[in-house]
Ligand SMILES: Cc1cc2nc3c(=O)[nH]c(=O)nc-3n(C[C@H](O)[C@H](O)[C@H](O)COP(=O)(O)O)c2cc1C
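Listed next as structure tokens is one chain, alone, in the form predicted on its own.
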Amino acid sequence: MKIVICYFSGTGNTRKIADCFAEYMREHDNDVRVFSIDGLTLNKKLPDETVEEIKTCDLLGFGYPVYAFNAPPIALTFAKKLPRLAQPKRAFIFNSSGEPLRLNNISSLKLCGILRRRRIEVTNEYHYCMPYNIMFRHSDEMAHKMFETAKRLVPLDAREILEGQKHRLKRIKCGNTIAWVMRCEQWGGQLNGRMYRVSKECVHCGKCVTNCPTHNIRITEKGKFKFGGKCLMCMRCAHLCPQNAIRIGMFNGWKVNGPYTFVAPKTDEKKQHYNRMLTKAYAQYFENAEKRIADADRETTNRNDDEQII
């Protein structure tokens, strides 16, 4: 089977999930192409080779981080630029966020509608908890636990997809209305993006300029940084700045700087933030994940036993 997985990842979390899907699917004799949509939406049309790959594949995957309980604008723009296909195509969606709230399940509503009008039917949806890149920094212990859980869940979800088993996330009442209201974050992010500033700690490495997915940052001839009105609030510039030199406007108090290692700490860390916020939600998320993994292991064992008897 030819599979195309396209994704947007602000600071790398969703990319990690995309790679996990690709790894499992390749191990099961599928031809998998994975690519980031960074830069693909800047022109009026998508590149011909991108369109051709999507037209000729058997299965599509779309990945994104949740922005205010919605898909980010860049993901929606990418979907809108896709052509209406001659033949219907099956697709799956995966997304990541820093909290296990059921509100995240409404994030794909608009994206699914756009894809449906292009004869792309989403049959499977999955959500994974990954550490925040804004609001507060999860501890290394929590980040490691989140990613390890995702790595164990993705093979189960990928198997469902390959076997043709449908899986949709449970919606909440008035989900469309809530998602519509929360989309104000998109124009609010553009406004706030103009307020970004660079502090004196900046060493002019230019990483923020080259890494910006919408080319919203530039350096003038006088060496000054200019932030335009196309900011996605993806946090890539501030999160990955080696000098912690970027101030993110009205939300600077929520800034998280520095990539996560996703490596378990050698000693127990003092629990941060998640003990005070959404404690029950995180506990329920991990409990449900462990139960699902255990059920899958039990099913595999029973299946192997039955095959041996036969």
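Start at 1 with the first residue shown and count on from there. Quick caveat, the model's predicted, so the values are computed rather than measured.
The following text describes the form predicted in complex with this ligand, which does not appear among the structures shown.
Residues within 4.5 angstroms of this ligand in the predicted complex, judged by any non-hydrogen atom, belong to 132-140 and to none of the other stretches in 78-86, 161-169, 216-224, 132-140. In the predicted complex, at least one heavy atom of Tyr67 sits within 4.5 Å of a heavy atom of this ligand. In the predicted complex, at least one heavy atom of Ser96 sits within 4.5 Å of this ligand.
In the predicted complex, none of the heavy atoms of Asn192 sits within 4.5 Å of a heavy atom of this ligand. This ligand in the predicted complex is not approached by Thr149, whose heavy atoms all lie more than 4.5 angstroms from it. With the partner omitted here, the residue from Leu153, Cys208, Met233, Ala91 that has a non-hydrogen atom within 4.5 angstroms of this ligand in the predicted complex is Met233. Within 4.5 angstroms of this ligand in the predicted complex, the stretch 172-196 places a non-hydrogen atom from Glu185 alone.
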